[in-house]
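A lone chain, given as structure tokens: the form predicted on its own.
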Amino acid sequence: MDNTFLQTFKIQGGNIYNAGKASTEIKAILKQLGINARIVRRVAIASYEAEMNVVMYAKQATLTFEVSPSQISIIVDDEGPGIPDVSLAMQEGFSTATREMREMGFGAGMGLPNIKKNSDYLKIESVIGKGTKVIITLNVN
């Protein structure tokens, strides 16, 4: 791959019926680009977890997906309540999911830890009452 590929997705908070749609498209694009299957899997997991966090907690978000010859980046910038304590939210098992979310099988407190495990670089910027920006980068080689 010699060029850069860029695509953005709009994600609606609370729209469980379209949850995972952007991640599914990202996975398909990476396969079409001939990206290594191991990297495709890691990107799919990280993007799905970030997308689900928007669906569960935020009003809406823009997911920016970029592939260059050397790296893949995903930036999810949401309008939501923000994360009061990012360090606490990064701990496996910590969750602020509602009972309704848990009854649907979500909110086990593995979202952000899974993003970290499946990325080479992760940065989270959050402002209470405004939203959260998650920057995920994976090296292609």
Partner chain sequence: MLLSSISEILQCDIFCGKEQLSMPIEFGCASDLMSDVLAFSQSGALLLTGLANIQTIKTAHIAEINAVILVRGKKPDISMIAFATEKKIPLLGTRFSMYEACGLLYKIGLDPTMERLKCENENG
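Keep in mind the model is a prediction, meaning the values are calculated, not measured. Positions refer to the first chain, counted from 1.
Absent from the display: the form predicted together with the partner chain. The rest refers to it.
> Has each of 49, 104 and 110 got a heavy atom lying within 4.5 angstroms of the partner chain in the model of the complex?
Replying inline: Each of the three qualifies.
>> Which residue, 90, 58, 45, 83, is the contact with the partner chain in the model of the complex, using a 4.5 Å heavy atom cutoff?
In response: None of the others qualify; the residue that does is 45.
>> Can you work out whether residue 130 and the partner chain are in contact in the model of the complex, taking contact to mean some heavy atom pair no more than 4.5 Å apart?
In response: No, residue 130 sits far enough from the partner chain in the model of the complex that none of its heavy atoms falls within 4.5 Å.
> Any chance residue 23 has a heavy atom within 4.5 Å of the partner chain in the model of the complex?
Replying inline: Yes, residue 23 lies within 4.5 Å of the partner chain in the model of the complex.
> With the cut-off set at 4.5 Å between non-hydrogen atoms, does residue 114 touch the partner chain in the model of the complex?
Replying inline: Because a heavy atom of residue 114 falls inside 4.5 Å of the partner chain in the model of the complex, the answer is yes.
> Within a 4.5 Å heavy atom cut-off, is residue 124 in contact with the partner chain in the model of the complex?
Replying inline: No, residue 124 is distant from the partner.
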